[in-house]
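Only one chain comes next, encoded as structure tokens, the form predicted alone.
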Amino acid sequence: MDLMEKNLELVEIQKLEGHTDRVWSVAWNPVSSHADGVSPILASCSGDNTVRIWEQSSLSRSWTCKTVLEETHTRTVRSCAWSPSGELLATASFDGTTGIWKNYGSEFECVATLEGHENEVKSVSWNASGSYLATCSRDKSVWIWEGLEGNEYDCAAVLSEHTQDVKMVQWHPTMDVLFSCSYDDTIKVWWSQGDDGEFECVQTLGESNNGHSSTVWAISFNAAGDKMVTCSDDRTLKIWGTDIARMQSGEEYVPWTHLCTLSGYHDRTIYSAHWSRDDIIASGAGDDAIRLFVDSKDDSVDGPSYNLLLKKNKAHDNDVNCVQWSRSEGDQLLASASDDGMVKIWQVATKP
């Protein structure tokens, strides 16, 4: 079904109010969806130093705040990420620490605090198996932590090749390859070739190889893991690709190459981009709007191209800091977070 031929709109399902400062990030619990008989759960984090856990009722379908994680971080919580099992939530804070929270069903408890970064921690990401956690900071470093028994975490690597503030870390969805993006305008790819577990920078995607010309804010992968989207202060989205089968064979690192650039759609910084399982790319930007893009399916000699599916003007009253698709198949929801202090839940629907 060609989405471009359908008359689609982005419908606001609910506005989640509660944070008292800007909301930086949202994260869907990977194992919660109505299809599994588990209510969908969303975490949001804010400049109010807290994380809120929201749950959707299976009956009324309305969202409520189930709990507030507070009194652990003393400054802004910039990023949050669920472990693949959905049992742990990692929170990255401007207080220089990363919190690990365990879900005990009715309540959450902070079971570990990771210290090491010199200042603000900007982002946190789990690998596909949940054995590694990556963090990054304004101190220009990327740390990889290895989960041990009894809620212990050991620093497995400190990666210091970025020359500026590192904005985001993101593990590949199927392989232990780590990506980081920075105020130094580059994306760096980290991989451990040998069995020694030593991660090294195997590729830098910068302006010299069709990369961004300004701060890179976010990284997201498609479901297959063979394409990546990045967004930047240069007001473009860039699509990158790799030979995933060759990479998964484990013989060697297979470089990522630039496939196309989506420019002219945004006139402000793009802070967030996220690729849905249904192959829709959402972007959130400094113009308060959310845009959705889809593959045009017109694969020319020049490679793939993407079309603007729809634009939701005034999605928020201020900058859109984060957009995240839910992981449920088919009936996908989009969550957004903004400087206006709101979290919103959206759904793509056919216009009446």
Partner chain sequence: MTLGLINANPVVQAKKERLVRTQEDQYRDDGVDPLDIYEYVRDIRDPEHPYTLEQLSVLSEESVTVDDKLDRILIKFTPTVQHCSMATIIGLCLRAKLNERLPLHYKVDILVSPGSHADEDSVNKQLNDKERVAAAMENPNLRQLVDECIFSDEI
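No experiment lies behind these values; they were computed from the predicted model shown. Residue numbers count along the first chain shown, from 1.
Note that the form predicted in complex with its partner chain isn't included here; everything after this is about it.
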Looking in the predicted complex, any heavy atom of Ser305 within 4.5 Å of its partner chain?
-> no
Touches its partner chain in the predicted complex: Arg138 (any heavy atom, 4.5 Å) | yes
4.5 angstroms heavy atom contact with its partner chain in the predicted complex for Asn313 = no
Though only this chain appears here, would Asp267 touch its partner chain in the predicted complex if you measure heavy atom gaps against 4.5 Å?
-> yes
Please name which of the stretches 150-158, 181-189, 243-251, 101-109 has residues with heavy atoms lying within 4.5 Å of its partner chain in the predicted complex.
-> 181-189
Just one of Trp217, Phe199, Trp275, Trp126 has a heavy atom within 4.5 angstroms of its partner chain in the predicted complex, so which one?
-> Trp217
Which one, Trp82, Trp171, Tyr271, Tyr132, lies within 4.5 Å of its partner chain in the predicted complex by heavy atoms?
-> Tyr271
Can you name the residues of 43-67 that have a non-hydrogen atom within 4.5 angstroms of its partner chain in the predicted complex?
-> Gly47, Asn49
